[in-house]
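Shown next as structure tokens: one chain only, the form predicted alone.
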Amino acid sequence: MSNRDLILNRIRHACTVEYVELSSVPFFHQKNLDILDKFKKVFTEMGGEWLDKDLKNPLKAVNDKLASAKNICSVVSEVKGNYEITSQSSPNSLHDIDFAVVRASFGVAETGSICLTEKDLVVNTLGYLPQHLIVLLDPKEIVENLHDAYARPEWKIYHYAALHSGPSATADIEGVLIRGAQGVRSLSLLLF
């Protein structure tokens, strides 16, 4: 046996897989927490705009925002857009979209975030290139904290998933806040 084979065999022997039980991490749930109130509070603190649902016309707030928009890309069946995309659309083809309308996979109350996957966006740049983003979210899909969020299957079944916490923003040393610096200028949310 050559020295090379001897060394490689020793390495292989030393690298045998040993089953180790993973430690259990608690979810740190808070007692008597109203998840929806917490989500709404943090979402608005992060610069998001909360859209209230009209009982007679649940999508009235969304339609009002879209009324004067020129280019609307909607990937949800509930809202009609005038710019169609498919998974084969070029990512940079969305550069002139005024409003994008998507449905989030879930929300996180602790951070006021929404999760957008490749399935939700169809083309990943739909979450970043439009001027404004309107998100529909099923209120039953809001989890309490990041521990709950990372236990969800979206992180394992999709190639792309990202948490969005409000519109894009940046601030310089003097504390001047600029929205839309690297992404959408506004992020509005309707529980629907």
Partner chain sequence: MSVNMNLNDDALQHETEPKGAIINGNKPIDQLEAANRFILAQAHEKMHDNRLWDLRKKRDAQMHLIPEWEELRQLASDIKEHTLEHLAYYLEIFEKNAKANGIHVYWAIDAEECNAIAIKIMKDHKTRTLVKSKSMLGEECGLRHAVEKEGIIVIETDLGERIQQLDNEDPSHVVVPAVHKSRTDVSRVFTKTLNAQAGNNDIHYLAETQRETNRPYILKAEAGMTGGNFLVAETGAVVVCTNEGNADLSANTPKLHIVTVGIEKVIPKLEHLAVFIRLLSRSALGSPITQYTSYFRGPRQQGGEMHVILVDNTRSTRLADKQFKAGLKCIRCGACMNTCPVFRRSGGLSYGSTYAGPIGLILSPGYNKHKFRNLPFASTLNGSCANVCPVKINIHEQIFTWRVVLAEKGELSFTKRVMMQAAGKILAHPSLYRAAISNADRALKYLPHFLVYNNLNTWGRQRDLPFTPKETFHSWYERNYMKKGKVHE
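Residue numbers count along the first chain shown, from 1. Just so we're clear, the structure is a prediction, and the values are computed from it rather than from any experiment.
Just so it is clear, the following notes concern the form predicted in complex with its partner chain, a form of the same protein that is not shown.
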Should Leu163 be counted as a contact of its partner chain in the predicted bound form, where contact means heavy atoms within 4.5 Å? yes
Given that its partner chain is not shown alongside this chain, does Leu129 nevertheless sit within 4.5 Å of it in the predicted bound form, heavy atom to heavy atom? yes
Exercise: Thr111 in contact with its partner chain in the predicted bound form, heavy atom 4.5 Å: yes
May I ask you to check whether Glu118 falls inside a 4.5 Å heavy atom distance of its partner chain in the predicted bound form? yes
Every residue of Leu36, Asn71 and Lys80 near its partner chain in the predicted bound form, heavy atom within 4.5 Å: no
Could you tell me which stretch in 134-142, 49-57, 62-70, 148-156 has residues with non-hydrogen atoms within 4.5 Å of its partner chain in the predicted bound form? 148-156
